[in-house]
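Listed next as structure tokens is one chain, alone, in the form predicted alone.
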Amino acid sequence: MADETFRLRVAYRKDGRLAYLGHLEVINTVERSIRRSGLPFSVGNGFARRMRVQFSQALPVGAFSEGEYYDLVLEEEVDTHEALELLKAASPSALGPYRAAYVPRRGPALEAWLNRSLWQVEIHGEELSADAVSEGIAAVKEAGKIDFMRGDKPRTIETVTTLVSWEATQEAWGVALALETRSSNLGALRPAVLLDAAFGTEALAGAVRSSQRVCRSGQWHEENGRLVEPFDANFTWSLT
């Protein structure tokens, strides 16, 4: 029997105090919002009977976002405007959905498919130089990898493939940094990990960060040198 369900893609923001929610807390909050919305969501056949919903790649705790996504499987096709309004009314404003559209039912999971990110980072600090920040990042890129600790476990991330580009701009309060990163099954480069490594280079010796603010401003799928927007109606998934 054919799977007569519908895959609704939803874009939402993460800001305010809810930027400090962990990924599992975000998932739980969104699932509660979906239940409150009254949408006819589909439930899996496994023992746990969980809601069929997929999320894009986890944000670091404390990072803001202007473009997060989840795919929700519905038992019935609901008008997209109506579905979006129901989700808006049921969701906290700091995790507010702002766009929705149906996408092909079959296709890769969002977490793996959205493999390019654009980050906007504010690095606050007195006498902090944009040139020095750029030189520090270049040194990290040239080194080819970053060794770091996540909790009590050592980790390594390659910068050759994961760090695509960067641009540092001088501001009165410090440095504005635009970062483009790429993820794969080998891992994803987090801005905080990159900056920690950059501030350990000779270019930034003695430089002080008083604070930093990280925001993911966009996500795309990269394929054959092209960036595909998450709602691109002209893109056809390979189903092989």
Partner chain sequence: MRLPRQDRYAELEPLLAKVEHPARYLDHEWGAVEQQDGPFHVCMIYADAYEVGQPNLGIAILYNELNAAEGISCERCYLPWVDMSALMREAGVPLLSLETSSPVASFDVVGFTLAHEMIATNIVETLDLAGIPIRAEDRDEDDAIIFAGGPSAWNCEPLCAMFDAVLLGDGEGEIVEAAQAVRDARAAGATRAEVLKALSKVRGVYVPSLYDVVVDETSTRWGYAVPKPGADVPEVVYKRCIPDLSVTDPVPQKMVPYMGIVQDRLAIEVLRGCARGCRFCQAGMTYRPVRERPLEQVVDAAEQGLRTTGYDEVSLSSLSTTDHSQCEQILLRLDERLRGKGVRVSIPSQRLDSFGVDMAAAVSGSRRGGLTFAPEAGTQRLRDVINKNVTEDDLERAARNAFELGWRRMKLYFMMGLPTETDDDVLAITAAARRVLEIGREVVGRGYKSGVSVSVSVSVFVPKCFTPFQWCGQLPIDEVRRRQDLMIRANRDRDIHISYHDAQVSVVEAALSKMGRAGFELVYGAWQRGCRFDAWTDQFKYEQWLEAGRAMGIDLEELAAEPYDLEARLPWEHTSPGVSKGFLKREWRRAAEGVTTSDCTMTSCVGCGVCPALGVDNHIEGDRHGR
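Positions refer to the first chain, counted from 1. Keep in mind that this is a model prediction, so the values were computed, not measured.
The form predicted together with the partner chain exists for this protein as well; it is not shown, and the discussion that follows is about that form.
Student: Only one of V208, V43, A176, A192 has a non-hydrogen atom within 4.5 angstroms of the partner chain in the predicted complex; which is it?
Tutor: Looking at the other structure, the residue within range turns out to be V43.
Student: Which one, S91, T159, S129, Q120, lies within 4.5 Å of the partner chain in the predicted complex by heavy atoms?
Tutor: It is S91.
Student: Even though the partner chain is not shown here, does Y20 get within 4.5 Å of it in the predicted complex, heavy atoms only?
Tutor: Contact check for Y20: yes, within 4.5 Å of the partner chain in the predicted complex.
Student: At the 4.5 Å heavy atom threshold, is T29 in contact with the partner chain in the predicted complex?
Tutor: Because a heavy atom of T29 falls inside 4.5 Å of the partner chain in the predicted complex, the answer is yes.
Student: Just checking whether E229 would be counted as a contact of the partner chain in the predicted complex - the rule being heavy atoms within 4.5 angstroms.
Tutor: Close contact is absent here: in the predicted complex, E229 is far from the partner chain, nothing within 4.5 Å, heavy atoms only.
Student: Can you tell me whether E222 touches the partner chain? I mean in the predicted complex, with a 4.5 angstroms heavy atom cut-off.
Tutor: No, E222 stays farther than 4.5 Å from the partner chain in the predicted complex.
Student: Three residues, E25, R36 and V61; all within 4.5 Å of the partner chain in the predicted complex via heavy atoms?
Tutor: Spot residues vs the partner chain: full contact, yes.
Student: Quick one: find which of 120 to 128, 96 to 104, 138 to 146, 82 to 90 has residues within 4.5 Å of the partner chain in the predicted complex by heavy atom distance.
Tutor: Only one stretch passes the 4.5 Å heavy-atom test: 82 to 90.
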